[in-house]
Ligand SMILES: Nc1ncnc2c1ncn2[C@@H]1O[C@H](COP(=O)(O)OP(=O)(O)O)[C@@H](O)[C@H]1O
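Only one chain is included here, represented as structure tokens and corresponding to the form predicted on its own.
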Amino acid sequence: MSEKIPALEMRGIGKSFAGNQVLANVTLTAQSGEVLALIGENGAGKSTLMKILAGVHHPDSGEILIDGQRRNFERPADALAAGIAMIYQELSLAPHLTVAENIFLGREPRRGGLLKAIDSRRLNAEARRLLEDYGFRIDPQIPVGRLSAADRQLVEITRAIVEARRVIVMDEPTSSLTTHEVEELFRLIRDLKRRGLAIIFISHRIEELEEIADRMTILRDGVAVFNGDWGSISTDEMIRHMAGRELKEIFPPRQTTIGEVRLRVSNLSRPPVFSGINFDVRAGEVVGIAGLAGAGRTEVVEAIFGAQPASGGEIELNGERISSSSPSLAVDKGLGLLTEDRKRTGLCLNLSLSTNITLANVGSMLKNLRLQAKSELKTTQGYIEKLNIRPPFPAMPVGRMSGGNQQKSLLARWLFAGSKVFLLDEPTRGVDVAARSEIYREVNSLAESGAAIVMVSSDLPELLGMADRILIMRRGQMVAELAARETTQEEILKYAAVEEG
């Protein structure tokens, strides 16, 4: 009996950028009807390898075979023509176009006649049918720019499924999805397997991969250090392969004394998004906020920071009432916001790491209205060492850094700004296991030093492992408060998803 020909083979792939080797002799195989988990730390080379497959980058060495036939992808259109579709970690949607227009971009249904105009009615109907079939509750005629991060992710997934015929690559597709939406995605993936597609799934959430992965390839520093069946090695062994070291505690213990109230929110409202929000956070405390997409979690922390004005209610920092419409005042009073989408609303991607770190307190770097470059460099190097930011290059554009190191640079910004109350919105989104553990240790360190922390997260194990209390939102309302050590994921989801009565 002849051996089954893989849907995809990548053999001996090598790639360097500006003399820095990113991939070295990487081999990867994906079979039809299976999920291959591609895992590794941020910066291990996963996204670069997949961008070579998608025709975005050209390999310096090696070859790509689709169904046993060698292929050369000069541009992304060549990969698409070969039936390869990719869901990028950083979304590639056109915000000014509608959901339907994004899904069928370049493949729009046309009417007959000389002009072959786009058939808008059919376009919207087809998009609506797809979204309903996939269980995604999104209006196909709304501009993508008006969607939440989670809904944009679902649109990207829908578009990729339409494009894929042989291989579909999913790079951190669940990073902004709720538990329910992840379940819908996994249902879709199982359907794609039955249709014979090869699925390459990149994720830092090992508990998710346990549900869907058939095999795994582990990358470390641009080298494939393990290829094998899922379940053939333990989680500890997987982490050791990824990090080259053991991680004893993903959620490190915290020793802290809860102090006075640092942040108090009273009847904060912005109908119809949210209303009547009441809670407080004390020094040394981590308070989590859970809820499904669209519950209003992000909008509440943005209103507290002043990024989006509230229409009513009060905010107190350290007993002093502040305006909810002034981010600069919030920063001056010791409030810092790590935003949900670091690339859209957090970072200046083309600016250096040092500029991004000092941005919220740049005045302290000025003398006679001139930037003191040596002081900025010294400050940046201190935070690079403190948070283990890699690569340790202050002048490097932050857009070229991995997701975990970008997130640590944002945390460094608020540390340098002197924040005492931290609003962390999805703080480990798209961050690998090792970097997550480092971020958790810093969060604990902040709490132990007397900071008050609000942590919004779609990752329920993260909230259970890090928070003291968990507040649950549903449809713009705060519906429950649970002690993190005395609750479960199931109880949180019950409050987040089920209407009472």
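Keep in mind the model is a prediction, meaning the values are calculated, not measured. The first residue of the shown sequence is 1; numbering continues from there.
Keep in mind that the form predicted in complex with the ligand is missing from the display, and what follows is about it.
- Using a 4.5 angstroms threshold between heavy atoms, residue 57 counts as touching the ligand in the predicted bound form.
- Residue 456 falls outside the set of residues with a heavy atom inside 4.5 Å of the ligand in the predicted bound form.
- The ligand is not shown here, and in the predicted bound form it never comes within 4.5 Å of any heavy atom of residue 484.
- Residue contact with the ligand in the predicted bound form: residue 32 places no heavy atom within 4.5 Å of it.
- Here the chain stands alone, but in the predicted bound form its contact with the ligand, taken as any heavy atom within 4.5 Å, falls in 38 to 46 among 441 to 449, 38 to 46, 61 to 69, 468 to 476.
- Residues of 121 to 157 are not found to place any heavy atom within 4.5 Å of the ligand in the predicted bound form.
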